[in-house]
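Okay, here we've got a single chain as structure tokens, the form predicted on its own, with questions on binding and movement later.
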């Protein structure tokens, strides 16, 4: 492995940070790295809001389900899918924005993910820890109100950045043979790979928690995929102008 692949494969989520703040110059470097990510047709449908106000950060921590590191990390950002800016550009040229298209929703959401992951890699290369906060989608309307997000903009996730104050193990991933397929989708190996991975994950949780957690990947998936997940998102996205057609 070279230094880049070694960095990528050492990724961990950090949920405990020191009190050290991030310099404006470092944040700018990280965000410029995010801007350098691929973007569909150069739409650049991303806006990032750095939340500095302590009260707002505490409120976001509560919206996210009570995740204290939202408030305690060195810096916190909300990554938004933004079709408001390209819509304005379209209208400046005399065009009519074709709002509500599912494809535009996908383009904007994918742009956000690519932008954010570039930021993450840049941050980790400087020794920072990160934690994505999908929990903001628990209360997306409240987040939008707090951050004054206009129509055609929605919060995709948050991101904690800071200097780590913990050293967790790297969480093991699914066997590559279950993910990388040749020429066509292969399902016949899923059961064997899941059984193998279940034991790996069970041992990881036992080690990480000192035996307090005894769970497999498939058990976790039953809890997560086996129930409705944030059913309010469909109505919320429609209210913001997304996925109407």
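Owing to the predicted nature of the structure, the values given are computational and were not obtained by experimental measurement. Numbering follows the first chain given and starts at 1.
Absent from the display: the form predicted in complex with another copy of the chain. The rest refers to it.
Remark: all three candidate residues (36, 49 and 104) come within 4.5 Å of another copy of the chain in the predicted complex, counting heavy atoms only. At a distance threshold of 4.5 angstroms between non-hydrogen atoms, residue 23 is out of contact with another copy of the chain in the predicted complex.
Using a 4.5 angstroms threshold between heavy atoms, residue 156 counts as touching another copy of the chain in the predicted complex. In the predicted complex, another copy of the chain sits within 4.5 Å of a heavy atom of residue 29.
Put simply, residue 239 is far from another copy of the chain in the predicted complex: not one heavy atom of it is within 4.5 Å.
Applying a 4.5 Å heavy atom cutoff to another copy of the chain in the predicted complex picks out 126, 132, 137 from 126 to 140, in order along the sequence.
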